[in-house]
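Below you will find one chain, with nothing else, as structure tokens; this is the form predicted on its own, and questions on how it binds or moves follow later.
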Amino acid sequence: MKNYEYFNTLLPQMIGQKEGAIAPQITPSAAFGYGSAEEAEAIFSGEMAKPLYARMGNPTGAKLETVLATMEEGGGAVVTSSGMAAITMVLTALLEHGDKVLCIGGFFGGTYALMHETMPRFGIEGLFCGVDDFGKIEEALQQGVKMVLCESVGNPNLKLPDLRRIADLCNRYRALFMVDNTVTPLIVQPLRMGADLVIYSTTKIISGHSAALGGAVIFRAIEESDEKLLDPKFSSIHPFLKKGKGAMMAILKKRAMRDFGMSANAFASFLTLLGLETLPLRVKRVNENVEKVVQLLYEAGIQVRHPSLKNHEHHQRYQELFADGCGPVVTIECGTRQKAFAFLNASRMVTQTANIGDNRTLGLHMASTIYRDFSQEDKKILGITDGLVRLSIGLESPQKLVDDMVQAWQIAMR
């Protein structure tokens, strides 16, 4: 990754204004007027970059899109109403009935349900395999899978994919590679590693304050030669490729957002921009905190799981590919539902919520909440046990957090 100082300069300078109001502008309008019939035609054809209608985006969202695309070194971005909306937009814009998506590794419950239950109802099948099952990955790609989806860090199973190796396979077999980078902004840069699309739930660490629901898709630039989207399997979107650099933006907005309406609202985009200004400082602090907290919990005899520990199956990959950390998520195995409840209820610092990536430390019992309706088989695949607690480490003093969790653990284990 680039130096934190690079982002500490880039983001505040891009977001703040030099004249007039310093803070980003909010444009809370559902509709926009056109200066003439000719201008209206130019806007609808894409020849003029002015607001069309809020369902297709608004100026505040456009500002956020510019910042995110620059941060990820992408060709462009589209912001959405949530992280799930961002994933759904990509799937519905680029895939068709009969297509298959290879889902690699562990997944957030919403993403797993989308690919396992919802998209199959519309004729798009999700195939699942482990992060190290490269034989199955290549076999699926050989059989014509059009898209591969994975999380940069499995949430909550904390398995780490080899993104570069997966990207190489996707390029070899002309498949699109989409990475959910929600927990690792700045410290993992999927487009640099060969991904085609990067997904964020900006609700999480991008914003950091739990005040704004949102999502984003950042995409690479369309290649002038050897573009994988020119493969016959993507023939339905070939007419859009004539737009050149603006092709992917048009595909996402006209084949999905226009018809499904997963649009970001102006106020959420404004709040997200405010959070982005301090993202580098928060990312650095959180990832430093995680390693300290995990090590101290482990030394205290608590059943903690994280790739920074030597007993984790991907510890070496963590050292080689995740030098700056792998985000705020840590898990603790309490053994039973009752002990997990006791641990969470005894903590004075953990806020119990379904969110992650907040400025404060969060926690949740997985099996009774997000995964409560999942079958035992699905829970096993996703690494969800009856005693699993997911933590999202925040900005607090690591020693204070450890002291609190140790006393909570002692109470739970009585």
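Numbering starts at 1 and runs along the sequence shown. For clarity, every value in this text was computed on a predicted model and none was experimentally measured.
Here the subject shifts to the form predicted in complex with pyridoxal-5'-phosphate, a form of this protein not shown in this document.
Segments offered: 297-305, 208-216, 272-280, 137-145. Contacting pyridoxal-5'-phosphate in the predicted bound form at heavy atom distances within 4.5 Å is 208-216.
The contact residue chosen from F108, F128, F234, F322 relative to pyridoxal-5'-phosphate in the predicted bound form is F108, the criterion being a non-hydrogen atom within 4.5 angstroms. In terms of contact with pyridoxal-5'-phosphate in the predicted bound form, the residue from T203, S263, N157, N287 that brings a heavy atom within 4.5 Å is T203. Not displayed here, pyridoxal-5'-phosphate is kept clear of L309 by more than 4.5 Å at the level of heavy atoms in the predicted bound form. A residue is said to contact a partner when one of its heavy atoms sits within 4.5 Å of a partner heavy atom; L241 fails this definition for pyridoxal-5'-phosphate in the predicted bound form, lying far away.
Contact check for M84: a heavy atom falls within 4.5 Å of pyridoxal-5'-phosphate in the predicted bound form. Proximity of A54 to pyridoxal-5'-phosphate in the predicted bound form: non-hydrogen atoms within 4.5 Å are absent; the residue sits far from the partner.
Although pyridoxal-5'-phosphate is not shown here, in the predicted bound form the stretch 136-154 places heavy atoms of just one residue, E151, within 4.5 Å of it.
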